[in-house]
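Provided below as C-alpha cells are two forms of one protein chain, presented individually as structure 1 and structure 2.
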Structure 1
C-alpha cells in the first residue's frame, strides 16, 4: 500500500501533464480566435474583449454551410462503402481463405506501408484519365481504395479472435455462409465495425492532401481541404483563420466524444490483435 499510492500519484500527474500539453494548442487557437480582427495575438493570452463574433464571421466568409454539405457527401460516399467491403474482406481472409491463399493478406499488409504522398502523383493522372478530376468522386473513389489495407487488417484481426465453434454451430443449424456472416459474425463484430467507422470518418473529414491536389473548387472539397483556400484568402487575419480552423475541428471532436465508449470497447476487445 505504501508503494502503490506514490505510483498512483505519479501516474495521475503524468496523465494531467499530457492532457495539458494536448489542450495547449487548442487553447492558444481559441485565445487567438477571440482577438480583434486584423490583430496579431501575442501568444497564449486571453483577450480583454473577446470577439465571439469572429466565429460567425468565419462561418460566413468561408461558406461553412456549403463545406459541411460537401464534407458530409464525401463521408457518406466513402465510409459506408469502405466499412462494408473491409468487413466482408476481413471475414473472408479470416474464415474462408485456405493456406494456399494466405499471401493475399500480405498484399494488404504491404498497402499499410504506402503513404498517401507516395501515390498522389500516379493517382492524379489516373483520376484525370477517368474524367473525374475536380469532382467529389476524385476524392471518394481513391479514399475507398486507400483505406482498404487498414480496414481489412482491422476486421480480419477481429474475426480471427471469434471462436471457430460459433461458425460450426451455425453450420450445424443449417446456416449458409452468408447467413452466418450476417446473423452471427456481424453482430459480434459491432464494436470493431463501430470503431472502424469512427476512424474512417475522422480520416475522411480531416483529409487535406487529396482534396487540394485533385479538386480545384474549394466548395467540393472536405472542410479540411477547403482550409487551404481559406488560408490563402484570410492568411493575414490570424483571429479569423483560427476561428475557421476551430469550426472545422468541432464536428470530429463532438463525434469522438459521443462514441468514445464504443471506440474504447473495440480496443479493449483486442480489435487489432492477431
Structure 2
C-alpha cells in the first residue's frame, strides 16, 4: 500500500526470478525429454527435431496406465479410511473427552515428528507376518496408521473451535452423538476435511519409502515408488528418464492446477499446523 513504484519493480523482479528458479529444472527436463533417445542432450536447449514420441515410448515402458491404476487404488484405500477415522477421533477427543483424557491426545501427537524411517524395519517384519508383503495393503494399512498423528491433530483442532452450543442444540433436538456427528458436525467440518483429504492424497501419491521397502513389483506401488524402479532401469537414457519423470508428475500437477486454490490453502495450513 505504502510502497512506491521502484520498490514494486524490484519486488516483482525478485518474484519473477524466484519463479524462474522454480521452473528451470522442469524446463531443463522437458528439453532433455525431447532429445533423441539414448543421446546425451545439453542442459537447456530446444532440440532441432523434438522427439515427442519419447513420451509415448516412456508411457509404454513405464506402463503408465497400470501405474495410474495402482496409485489410484492405493489412494482410494488410504485416504477415505484415514480421513474418516481421523475425523471421528478428532471429534471424540475434542468434544467427548475431558481434560482427564488429555494424555490420549498427547499419545497421538507424539507421532507428529516421527520420521517414517524410524519404524520402517519393524513394519517390514510386521507386514510380512501378516502375509501382506508385496501387496498394496502393505502400503495402505501402515500409511493409515502413520497419518493418524497428523489427521487427529488436524481434526481435533477444528472441532475445538466449533461452539459447544451447537452440540447442545443437537442434543436437545434428540440427536444421538452419532447423528450429531454425521448430520451436524461433519457437514460443518467440510473445509477442514477437504484440506486433510488433499494433504493425505499428496502424501500417499508421492510416498516413496514404504513402496520401495514393502513392495517389490513396481506395478503394485505408488507412482513415486515406481519412478524409483524406472530410474533404476532407464537411468542412463536421459531423454527417456526425463520423459518418464514428466509423465509421472503430470497427474498431480494437473489436479493441482485444477484445484489450485484448495491445494495452496491445504499446503499452507498443513505446514502451519504440522
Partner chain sequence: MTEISSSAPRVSDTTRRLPLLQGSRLTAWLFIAPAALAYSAFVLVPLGMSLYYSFLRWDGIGKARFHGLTNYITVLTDADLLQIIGNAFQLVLYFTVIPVGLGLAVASVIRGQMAGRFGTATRTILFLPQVIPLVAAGIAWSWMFASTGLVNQTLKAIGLSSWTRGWLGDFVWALPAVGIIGAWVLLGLCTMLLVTGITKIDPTLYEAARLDGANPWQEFRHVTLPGLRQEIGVCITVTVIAALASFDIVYISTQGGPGITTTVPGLEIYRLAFAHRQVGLASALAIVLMVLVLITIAPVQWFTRDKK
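Here, rigid core means the biggest group of C-alpha atoms that superpose within 1.5 Å across both forms. Residue numbers count along the first chain shown, from 1. Only a predicted model underlies this, so the values are computations on that prediction, with no experimental measurement involved.
Taken from the form predicted alone, structure 1 is distinct in origin from structure 2.
For residue 15, the Cα deviation between the two structures after core superposition amounts to 3.6 Å.
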